[in-house]
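In the block that follows, a single chain appears as C-alpha cells, in the form predicted alone.
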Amino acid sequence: MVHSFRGGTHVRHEKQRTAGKPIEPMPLPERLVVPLRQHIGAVPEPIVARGDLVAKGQLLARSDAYVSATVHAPTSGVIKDILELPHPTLGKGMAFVLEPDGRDAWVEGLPIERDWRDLDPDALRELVRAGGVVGLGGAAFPTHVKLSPPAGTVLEHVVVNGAECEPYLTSDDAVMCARAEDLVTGIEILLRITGAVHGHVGIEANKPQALKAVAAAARRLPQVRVVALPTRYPQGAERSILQALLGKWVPAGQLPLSVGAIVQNTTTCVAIADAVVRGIPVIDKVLTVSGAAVVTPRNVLVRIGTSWRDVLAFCGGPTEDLGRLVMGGPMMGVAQNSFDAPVIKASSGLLALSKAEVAHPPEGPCLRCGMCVSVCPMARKPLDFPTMAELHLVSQADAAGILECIECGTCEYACPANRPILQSIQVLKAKVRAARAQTAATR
C-alpha cells in the first residue's frame, strides 16, 4: 500500500537533460583537494603529512570521536600540502592537496572479497565506520552512528529512499540502474545489522528503469518490497517517505527510530556494500551535472576532491549565460562562490543554472492565501515566519516549531507573491539556536 504524505507539491523536474544517461567516469584531474570535514560531527585529524606518498583507499584522517567519519585518499599520489582552501558548504576548510601520480594504485590489500555473512552486527557496523560511510544523499550524517540505536530500541523497518525528488538530479536514478545488485546487498547488510524484518525501497514513478532494475535484484530477498511512489516533492524527506511507505508520522522532535524505522539513501546502501564486501571506502561520487548553462549535461563518476572547475571542463564548460553554480538540487542545494571548491561526500549534483533559470520575479506583499501552509510537509505555518524575522520574534518562532522546518523550499516555490520565505526561516532558525544555546549556558 502507498500512503499519501502531508503537504508537498509538484515541481518542474527538469530531469530530461540527463535522465537515462549512463554514468561516465571522469579522468583523474591534476590536483585533488580533499577536505577533512565532509560530514556532520567532529573533524578528523590527519595521520599523513606533507610530502607523504599515499595509495588509493589509504586512510588520511580519523577521529576518536564517535560522531565523525574517516577520510581516505581518492587515488595514489603525493600529499603536497594540508591547508585551508575553498569548501562547498563551509566557505573554507582544512584540506589535503593530493597530486595524483597517474598510477591509481590501490593500498595493499584492497579491494577484497569478504564473506560478510559470517560477521556479527557489531563487526559489520565497524566495517561501515572504517569505510567512512555517511549519508550520501546530502545529510552526511555518519552511518555507523545511525546504525547504533539506543539499547532497547526495536527496529522493524529499513526504508531506502530512492525518491530523488529534487529537480534536475538523476544521479541516484543512474546508480540504481547501474548498481542494483549492490544496492540490494547493502539493504541485506542493513537488515542484518539492525535486526529489522522488513525492507522497503521507495522510488518515484518517473524512474521506470530504476524501478525495474531494483525490483529484479530484490527478488532474492522476499522481505524487501520495491514500491513505485507518485511523483511529488519533497517525497525524499525522511518523514515524507516514512509516511508514504509505512503510513507512520514521526512526531515533532523525534527520529524515525520512534516508529521503528531507519531511512537510508540508495547511494549510501551501495557504499555500505562496497565497504563491507570489498573493503572499499567512500572515495568517489556519482554527480548529475546539469542546467541550461552547461554545454554537455552528464551523470559523471568523480573522485572526491575534484574541483568544480574540472568537473565543468569535463562537461564542456559553463556557457557565458551562467547565472549561478549550485551544489545539489535547486530546492535545497548550496550556491557556490568558487569554481575551486571540491566534490565532497555530500555532493549529489552540480547545476550550472542560466540567468533565466535563477531570475526571481518581483516580491509582493503576503496575500494570506495559505498556499505555503497547505504544501508544508512539516505542518508549520511558513507565512508567519518572515514577519517574525522582521520583528525579531525569536521566542515566538521557537514556540511555533520553526526548528522542525526541513528547509525544503516548498513554501517559497508555492508562494504567489514570490516572497523569500526560506531565507527568512534560515535566518530565524539561526537566531533560535543561538538563543537556546545562550539559555543553556546561563543555567
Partner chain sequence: MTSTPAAEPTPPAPVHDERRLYAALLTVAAAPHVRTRESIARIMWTVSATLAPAVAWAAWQFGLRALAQVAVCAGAAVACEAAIQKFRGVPITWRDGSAFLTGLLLALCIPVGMPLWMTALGAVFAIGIAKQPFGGLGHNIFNPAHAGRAFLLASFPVQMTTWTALTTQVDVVTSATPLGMLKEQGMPAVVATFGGPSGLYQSLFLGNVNGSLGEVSALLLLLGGLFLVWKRYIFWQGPVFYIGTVALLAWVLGGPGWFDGDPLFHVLSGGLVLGAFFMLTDMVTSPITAKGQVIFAVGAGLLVFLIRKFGGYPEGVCYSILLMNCFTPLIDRFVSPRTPKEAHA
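All values reported here derive from a predicted model rather than from experimental measurement. Residue numbers count along the first chain shown, from 1.
Just so you know, the form predicted in complex with its partner chain exists too; it's not on screen, but the next bit is about it.
Proximity of Y168, M331 and P361 to its partner chain in the model of the complex is complete: all three residues have a non-hydrogen atom within 4.5 angstroms. Interface residue remark: R368 is counted as part of the site for its partner chain in the model of the complex, having a heavy atom within 4.5 Å.
Shown alone here, V432 lies farther than 4.5 Å from its partner chain in the model of the complex, counting heavy atoms only.
For the chain shown alone, G409 is a contact residue for its partner chain in the model of the complex, at least one non-hydrogen atom being within 4.5 angstroms. Contact check for S338: a non-hydrogen atom falls within 4.5 Å of its partner chain in the model of the complex. The stretch from 54-62, 22-30, 40-48, 372-380 that comes within 4.5 Å of its partner chain in the model of the complex, counting heavy atoms only, is 372-380. For the options R225, R192, R278, R324, the one in contact with its partner chain in the model of the complex, meaning a heavy atom within 4.5 Å, is R324. Note on contacts: among F141, W249, W106, W116, the single residue with a heavy atom within 4.5 Å of its partner chain in the model of the complex is W249.
Residues of 307-327 placing a heavy atom within 4.5 Å of its partner chain in the model of the complex, in sequence order: R309, L312, A313, G316, G317, P318, T319, E320, L322, G323, R324, L325, V326.
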